[in-house]
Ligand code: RAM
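Take a look at this single chain in structure tokens; it is the form predicted on its own.
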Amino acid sequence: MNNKNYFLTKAQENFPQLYYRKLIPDIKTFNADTGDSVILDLGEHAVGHFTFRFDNQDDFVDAPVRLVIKFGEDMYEIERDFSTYEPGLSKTWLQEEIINLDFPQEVTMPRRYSCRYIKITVDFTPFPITFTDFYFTASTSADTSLLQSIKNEDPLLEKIDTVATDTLKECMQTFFEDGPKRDRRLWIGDLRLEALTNYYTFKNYEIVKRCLYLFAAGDLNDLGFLPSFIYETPYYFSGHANIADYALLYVVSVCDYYEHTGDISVVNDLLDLCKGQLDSFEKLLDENLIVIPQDGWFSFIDWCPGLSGLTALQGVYLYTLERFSALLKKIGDETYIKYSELLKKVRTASKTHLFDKSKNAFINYLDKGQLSVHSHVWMILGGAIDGDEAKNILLASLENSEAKQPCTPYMRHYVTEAMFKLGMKDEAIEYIKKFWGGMVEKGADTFWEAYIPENPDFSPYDDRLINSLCHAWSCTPSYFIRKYQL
């Protein structure tokens, strides 16, 4: 059996149904001459296709009408001059189109957009024209009828939950997209967090299964790691990045899936692949059982400038070993003994070689002595440290201006997860309210790709214009709020 073909077939068997809604913007008619413009507000963030009609007024339109149409996830994008953007990523991700229309007609624009606001500028028209019948056809594979509303005594937490579920809904298309504005691909890191939130909201188990199989069909690199991202349009393509922490979190995603569905058939299909990820990682440990750096883009952890992520990566490995050995034991696979024993050894080694007692912190000798919140979070999640000692170290690093701090909602999720693991419920709630609540207070319809409260213009690409303002890895407040009944 060709495993790739088998996995792709299984992925297609779980192709999700898309649900559509028609959104009517606030302005119904726009009369225009050359140079006039109008901004339409859909009233909410949406992903889909834009339709409008244009007609002549009194005179025959005897030359093409040229329009510039801009789509923005917020008003900053609408108001910003795109010509000032200097690419950190391709400028063609900026949502602006120039179209020429030869005669009055209804127009449905062929590309899909991610937006709340639409600005139409008449670059040229030979005579006055009229625009009418604006509507936006929004799509998602999230069945919103399955979403149970929640009532929270804290209105900010209730609003955070709403924005988080909207974020997930927008990213649920034919698979879990990382962001519907830009990239539009499936990353393992986003998949894991989207799937967790989905289990407590829309309960679309098929899309999770589809994503797991799409990755299983991907090409392994020389180290034996899965590709970290997948495209399916216009054809299936597995990306060339093979990030170690994402390969491990794929295994965790399989464990999560079984925990929430009990679907042993998927586990059986993917079990050897999961074992291969852990066995490949074990080969990268030195004589002290500490992971050593590799050439190229080896780990992600977070978009944090200057972050040395090896200690955090060691923690991801521990976290994965614990989850996978528990899964194997649960399904009666005797190899759980091997992974359980390895977990004990690596935990001991991590505390022995990476913990600096004089500084009361995890500082890897291969990480240039760097102090980071990331290291402590993942060592806590990996069980290398626990109890009051872990609480004190985590809080100290969060308050230390010299420590590297999380930059993305992705890493903030794992900070929050570590707090809940340590029984720090009150601290976790305040952390959610300060971080995700900060975006809500700045008017977010959906949660952003990157956000630093002290530096709201932060961008990992050096220009916030290209940032995604609806990003998959930002949706997990709903997971915490609903799982822990906050």
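From a predicted model like this one, the values you see are computed outputs, not experimental measurements. Position 1 is the first residue in the sequence shown; the rest follow in order.
Although not depicted, the form predicted in complex with the ligand is the subject of the following passage.
Here the chain stands alone, but in the predicted complex its contact with the ligand, taken as any heavy atom within 4.5 Å, falls in 186-194 among 287-295, 186-194, 129-137, 149-157. Just one of Tyr339, Phe175, Tyr213, Phe300 comes within 4.5 Å of the ligand in the predicted complex, counting any heavy atom, and that one is Phe300. Interface residue among Phe362, Tyr246, Phe324, Trp378 relative to the ligand in the predicted complex, by the heavy atom within 4.5 Å criterion: Tyr246. Taking the partner from the other structure, the ligand in the predicted complex has no heavy atom within 4.5 Å of any heavy atom of Arg116.
With a 4.5 Å cutoff on heavy atoms, Arg182 counts as touching the ligand in the predicted complex. Using a 4.5 angstroms threshold between heavy atoms, Tyr431 stays clear of the ligand in the predicted complex.
By the criterion of a heavy atom within 4.5 Å, Phe30 is excluded from the residues contacting the ligand in the predicted complex. Residues of 331-345 placing a heavy atom within 4.5 Å of the ligand in the predicted complex: none.
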